[in-house]
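There is one chain below, alone, in structure tokens, taken in the form predicted on its own.
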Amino acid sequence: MIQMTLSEVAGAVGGRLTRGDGAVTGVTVDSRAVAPGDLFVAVPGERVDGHDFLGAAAAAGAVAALTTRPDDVLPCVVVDEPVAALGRLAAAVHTRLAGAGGARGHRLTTVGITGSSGKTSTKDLLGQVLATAGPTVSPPGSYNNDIGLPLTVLDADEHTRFLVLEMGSRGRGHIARLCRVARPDVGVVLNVGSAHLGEFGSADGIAVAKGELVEALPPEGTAVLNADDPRVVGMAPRTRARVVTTGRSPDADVRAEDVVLDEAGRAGFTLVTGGVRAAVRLQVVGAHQVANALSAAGAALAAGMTPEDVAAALSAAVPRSRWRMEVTRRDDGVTVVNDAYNANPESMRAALAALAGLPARRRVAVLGAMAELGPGAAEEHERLGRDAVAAGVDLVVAVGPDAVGIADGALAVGAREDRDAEQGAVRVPDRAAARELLTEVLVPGDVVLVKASRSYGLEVLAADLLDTGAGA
């Protein structure tokens, strides 16, 4: 973060400084992560109120707090809404950095990424690619909301050349608001799927919201659009920026040819753009990562990198964020694929395709429910069960009452209600029951995929399965 005085912070957020004027060198919303010189943002929540942790923040070295009321334990910048004020602070810092030219004379380039799925994976790939060309801020994890995005912006300083921002949305206007915090120079739209369909009402409604990113781009900016998704490429008329298309379509400006998967399920392809051909060998698992890599390539090219440098950097990029296609082989020969960070119909099918690409004695899909799908949830879960059988999954384990439709769908297309069948489908009530079942039936050579929406916590089950096989 660029160093600021408390009075400068107060001016940026429109708050009232109670006392002092120390230097702020960092910002956090977690009292456990406070470092000396930090500004602690006391976020009020339904279960936990950050104001209750001012003492802990002070003891850890916080210089002040952003609060809704004064407190004697720390100097306070008092505002009506700390989260909104955090956004205003990040906007002020971004404005300063975007116009400063940087410590080395380079203007800050900001990239925004959105889509129904693949945002974090693409952000991780792009962050590593851009880091080969200059200092880059792109944190691991999904810092994509009104708290995470401003915190990412505030990690940047005068030396930062590239800022990569993930932008999530749970309704119209959300992405537009994030773009007001940090206006992107490059906007990447990956896809329009079914994530949060219950909140948006339709895929067209999702497209309207995701397209707010390209609407926010300046005329000299670049919109990177997935040519293989009609709703995404259809956003082109909504932007004043230059449009670059990516995908496997032969008409895409940045495209993949000769796609192959190795024995570990990792894709190789030829990156083709502007008459240049360059080989890419991804280190991340799944054919769906090709689309993510192409989007990252389009953004990196827009930021000034050469195709050859982009291809080399993509080939070196590794998984960064937890619980996204983490492939781990246990000591006993069972392989666990932890993709349990989140789920929607599109990401579920991509994960099943990745599972099908892995060598295995038997393929097992342990699937929980997909949240926020709206009225079509039951149909989508049953379809997923049918898709699992079609993908060659040998055993489908549906975890929890909200996931029973997955087993129903598998049974409807020929799977037997028998955990030992070649194409079996089993319902279990919870994570504990799933662990008990899997501990009994998994044998060396099996590959087990674990995936569900985050609210169902199946990443805990994946961790339990790895512990089960430790030292075996």
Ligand SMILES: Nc1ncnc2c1ncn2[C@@H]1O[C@H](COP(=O)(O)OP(=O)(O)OP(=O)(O)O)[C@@H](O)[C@H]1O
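These figures come from a predicted structure and were not determined experimentally. Throughout, we count residues from 1 along the sequence that is shown.
Omitted from view is the form predicted together with the ligand, to which the following refers.
Under a 4.5 angstroms non-hydrogen atom cutoff, the ligand in the predicted bound form has Tyr341 among its neighbouring residues. Although the partner is absent from this view, Asn191 contacts the ligand in the predicted bound form, with a non-hydrogen atom inside 4.5 angstroms. The ligand in the predicted bound form is not approached by Thr109, whose heavy atoms all lie more than 4.5 angstroms from it. In the predicted bound form, at least one heavy atom of Glu346 sits within 4.5 Å of a heavy atom of the ligand.
Screening 233-241, 138-146, 375-383, 255-263 for residues having heavy atoms within 4.5 Å of the ligand in the predicted bound form returns a single hit, 138-146. Just one of Lys119, Arg161, His94, Arg363 comes within 4.5 Å of the ligand in the predicted bound form, counting any heavy atom, and that one is Lys119.
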